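One chain follows as structure tokens, the form predicted alone.
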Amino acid sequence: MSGIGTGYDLSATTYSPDGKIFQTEYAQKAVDNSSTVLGLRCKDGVVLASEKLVLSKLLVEGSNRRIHNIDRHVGVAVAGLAPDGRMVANRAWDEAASYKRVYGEPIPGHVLCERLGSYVHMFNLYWSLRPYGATMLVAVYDKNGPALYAVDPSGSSMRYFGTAVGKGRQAAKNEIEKLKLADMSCREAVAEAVKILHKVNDEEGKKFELEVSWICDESGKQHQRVPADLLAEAERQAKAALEDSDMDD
């Protein structure tokens, strides 16, 4: 075990001499190499958007979902390994249902994310388990207002105004930083999110589809898919903006 990474990456319970846990870093790499997913917290809610490559012409549109409902006031978007993300989403659903059954009210966003982070972190503590290769972006609209959280493979849970994960995360974050999210409505944010995903997509020649949801005043503070007509208009504007940009170049 003289080389860094040799022998130290066989278990999630083993630290390297540099203080790293390679299994957790490998799980994070699975997220970093996946399709881009972003979240925007606006003045009236939260928008989640995911890019999904169409792997086959035979694939039914809308398959391989990346965005899931957890409760009426909570939705999640998954980056990384979709089956891993689905398992974490199922756990989030269980936590939300359990909290409502015990306390008689919807689970607050920060409580859900702390519980979800603890659950994910558990898979970094035992040699017989492997870390989940998925990051969850959690959109919540509770009694404290709209909020956006991210739970990564290490179990860290953080709150954001806007963030992106996946292959195009850095370029997407640069674009998000230019937005005035505090003054932006979710309807405006949908257009911006679609525009960003089209702009950072680097898979030339490969068809992809977008999955976009929101939880805001317009949706009745419930997590829902963005209406098809609004998404279609946002895609039309995004493609037109990219064409204009190419002509200017």
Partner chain sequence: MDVSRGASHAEAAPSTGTTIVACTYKGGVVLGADGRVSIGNYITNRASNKIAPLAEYIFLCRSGSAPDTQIISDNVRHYLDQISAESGEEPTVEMAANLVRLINYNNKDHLVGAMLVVGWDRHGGGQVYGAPIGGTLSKEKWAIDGSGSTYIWGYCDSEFKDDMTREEAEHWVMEAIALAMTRDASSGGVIRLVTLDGRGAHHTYISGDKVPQFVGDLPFPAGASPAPFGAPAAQQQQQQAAEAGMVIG
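Residue numbers count along the first chain shown, from 1. This structure is a prediction, so every number in the text was calculated from the model and none was measured.
As for the form predicted in complex with the partner chain, it is not shown, yet the points below apply to it.
*Asks:* Which pick from A82, V111, L179, L129 sits with a heavy atom within 4.5 Å of the partner chain in the model of the complex?
*Replies:* Contact residue from the list: V111.
*Asks:* Would you mind picking the one in N144, Q170, N90, S156 that has a heavy atom within 4.5 Å of the partner chain in the model of the complex?
*Replies:* The residue in contact is N144.
*Asks:* Based on heavy atom distances of at most 4.5 Å to the partner chain in the model of the complex, which listed stretch, 170-178, 68-76, 120-128, 99-107, is the contact stretch?
*Replies:* Looking at the other structure, the answer is 99-107.
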